[in-house]
Structure formats: structure tokens, C-alpha cells
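For reference, the chain that follows is the form predicted alone, supplied as C-alpha cells.
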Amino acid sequence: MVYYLLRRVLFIIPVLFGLTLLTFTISHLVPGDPVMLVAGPQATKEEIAALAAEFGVDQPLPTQYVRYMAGLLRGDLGRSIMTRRQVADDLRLFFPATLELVLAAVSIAVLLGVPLGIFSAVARDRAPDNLIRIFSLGSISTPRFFLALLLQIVFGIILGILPLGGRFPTLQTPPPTVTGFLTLDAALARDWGALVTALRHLTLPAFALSLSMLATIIRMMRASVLEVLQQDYVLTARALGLPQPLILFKYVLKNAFISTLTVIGLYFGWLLGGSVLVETVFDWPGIGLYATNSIIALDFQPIMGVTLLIGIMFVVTNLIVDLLYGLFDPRIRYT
């Protein structure tokens, strides 16, 4: 088990190195000059040169990359050219909002997708199965930004029961920051009014973000359960007269969930990087909106910082999924 874990941890190092090299190269090959954009049209050549020297963009790209990597080893992600703030400080500010949104979306997808997938497989080719399959097909085909706008129109404007956007009302005082998760901070502070408010703001963007993952989990779970139901040990359990719920939850679910676990791990990373549209529509102050503003301003350091953070979360999530494989199937620990 130790060798299994060590091998996967060592695999992270070249992945992250390749990610930094790729991100740095692409971001610096994009047409445009962020220094000129920040300096403004009235800036003199001396002012532009001084600003370029301040941020080190006047040096050759290999030299800039070496300085960037040296900073990473010290935990320094660089400074934003636009705001002059440390990128690490901005990520500490914005990342908890995105992580809270993604965790809420994943929770919705898993808690609804797994039982719906099992139920769809058990009711194969009957009316409930057909309805669930139509729902999953429609969900995975609907663009996130369109769904987000539709939810705003229905629940925010027509029904008026949920807020249109934002993470917390501007005129209300949020709970003291402990974890950066508003819902958890409100619960820790025993501020139940703030907890309800935070959950109301979280509901629409989390559901909009979760729908494609929910549809995928339903389809994967249905296919896996149908496959496991045909295995000899399941047919034997049925022949012995074991109750259907016992067969499903003791013998079928554990073996059918392994392939779905892969989808959950992959989607977690995808949602971190794919929350841009949902955060923009709902004005959610996370790293997606932060990255969007940085891209518009050609601000390289925040773009690379966001990409690196998402990459780290992605590989760590997949490492956790690998370890969970070993829990569901002990044979995998030694492969």
C-alpha cells in the first residue's frame, strides 16, 4: 500500500512541472502587451520600461520562467500587474468561494445521481427508467450558461424565491471568516439566519453547475448496475432468495460504484476549471470570475496562478480517487 501511494505521489511532480511550462508558454505567446495596457496610452517610454523592469517582463522568456519557478519553490506566485496584489493573497480570498460552490454541486450530483442511476437500472425499460434517461440526456445537452440564465429567470424573476446572484447580500454582515466557506462559517458562528441566506445564494449556481455531472453519474451508474446485475454472484444471491435491497446495497452498489467514482474525480477537477460561466452569470466571487477578469486584462500571473491551483486540485483529487479504489477493491492496491 505504501508503494502504491508513493508511486502516485511521485507521478504528480512531472505533471505539475509540465503544467507550469505549458501555462507559462501559452500565456506569454498570447498577442498583446499587458504592460502597455496598464501604463495607458499617455505613458512615456521611460515609464513603460520602468514598469516592465518592475515585473521582469523585459527579460527573455527562459529567464522569466526560471524566475517564476524559483518563486514557486518559495511559495511566491507573483504579483498581478493590474492590481499590484500578490496572486497568492487573491487566491486565498477567491478560492474558498469556488471550492464551496463546486463541493455543493458535487454533493447534489452524487446524492441524486447514484440513487437515480440504481433506480433506473432496476426499472429498466419501464416508464421511470425512460423518464430518468430523458432527464439525463436533456441535462447533459443543456449548456451551463443557458441553464444558469433560465434558473435566474424562473426562480429569481418570475417566482422571486431565490436571489439572482452574489454570494451574500451587500447590506448584510457576513459571519466571521474561519474557513472561507460562508455556510460553514455561519454554522460555526451559530448564525442561522446567515446560514439560510448563504444557502439561498448557493442553491441556483450549485444546481446549474451540477446538472451535467448529475446526468453523467446517472448514466454511468445505470450502465454499471446493469452490468453487475448479470454477474454470477448476483444471480446466485437471487437464487438463494436474498432480499432485493440487500443484493443491491451489499453486492451490487460497491462493485458498480468503482467506475462512477472515476467520473466523480474527473468532474471535480473539471468543475473547478469550468465554473467560469456559472460564476460570471451569478456574479459569484470565485477564481473563475477572477481568472476571467485577468484574461481580459492580459494579466499573466493570476492566470498562471489559477491554472496551477486547479491543476494541483485535479491531481490531488485523482490521487484520492486512486486511494478510494483500493478501499472498494483491495486487488487494486497492488497494481
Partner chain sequence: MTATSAVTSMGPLAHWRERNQSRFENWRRGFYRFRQSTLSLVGLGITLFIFLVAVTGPLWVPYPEDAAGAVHVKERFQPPTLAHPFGTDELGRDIFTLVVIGARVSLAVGVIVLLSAVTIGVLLGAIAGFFGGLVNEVIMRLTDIFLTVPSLILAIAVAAALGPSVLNMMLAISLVWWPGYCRLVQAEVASRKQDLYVQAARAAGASQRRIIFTHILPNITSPIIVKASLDMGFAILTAAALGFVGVGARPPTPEWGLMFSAARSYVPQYWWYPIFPGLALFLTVFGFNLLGDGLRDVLDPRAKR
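Predicted model only: the values in this text are computed from it and were never measured. Residue numbers count along the first chain shown, from 1.
The same protein also exists as the form predicted in complex with its partner chain; that form is not shown, yet it is the one meant from here on.
Student: Out of 80 to 88, 174 to 182, 99 to 107, 117 to 125, where are the residues with a heavy atom within 4.5 Å of its partner chain in the predicted complex?
Tutor: Of the options given, it is 117 to 125.
Student: So which of Ala189, Val196, Leu149, Leu111 gets a non-hydrogen atom within 4.5 Å of its partner chain in the predicted complex?
Tutor: The residue from Ala189, Val196, Leu149, Leu111 that makes the contact is Leu149.
Student: Can you pick out, from Leu93, Leu226, Leu72, Leu162, the residue that has a heavy atom within 4.5 Å of its partner chain in the predicted complex?
Tutor: Among Leu93, Leu226, Leu72, Leu162, a heavy atom within 4.5 Å of its partner chain in the predicted complex occurs only for Leu226.
Student: Find out whether any non-hydrogen atom of Thr307 is located within 4.5 angstroms of its partner chain in the predicted complex, and reply yes or no.
Tutor: Heavy-atom contact with its partner chain at 4.5 Å: present for Thr307.
Student: Is there a non-hydrogen atom of Arg219 within 4.5 angstroms of a non-hydrogen atom of its partner chain in the predicted complex?
Tutor: Flag for Arg219 set to yes.
Student: With heavy atoms only and a cut-off of 4.5 Å, decide whether Thr262 touches its partner chain in the predicted complex.
Tutor: Thr262: no contact with its partner chain in the predicted complex.
Student: So, Phe155 and its partner chain: in the predicted complex, are they within 4.5 Å at any heavy atom pair?
Tutor: No - in the predicted complex, heavy atoms of Phe155 and its partner chain never come within 4.5 Å of each other.
Student: For a quick check, can you give me the residues of 278 to 294 that have a heavy atom within 4.5 Å of its partner chain in the predicted complex?
Tutor: In sequence order, Thr280, Val281, Thr292 come within 4.5 Å of the partner.
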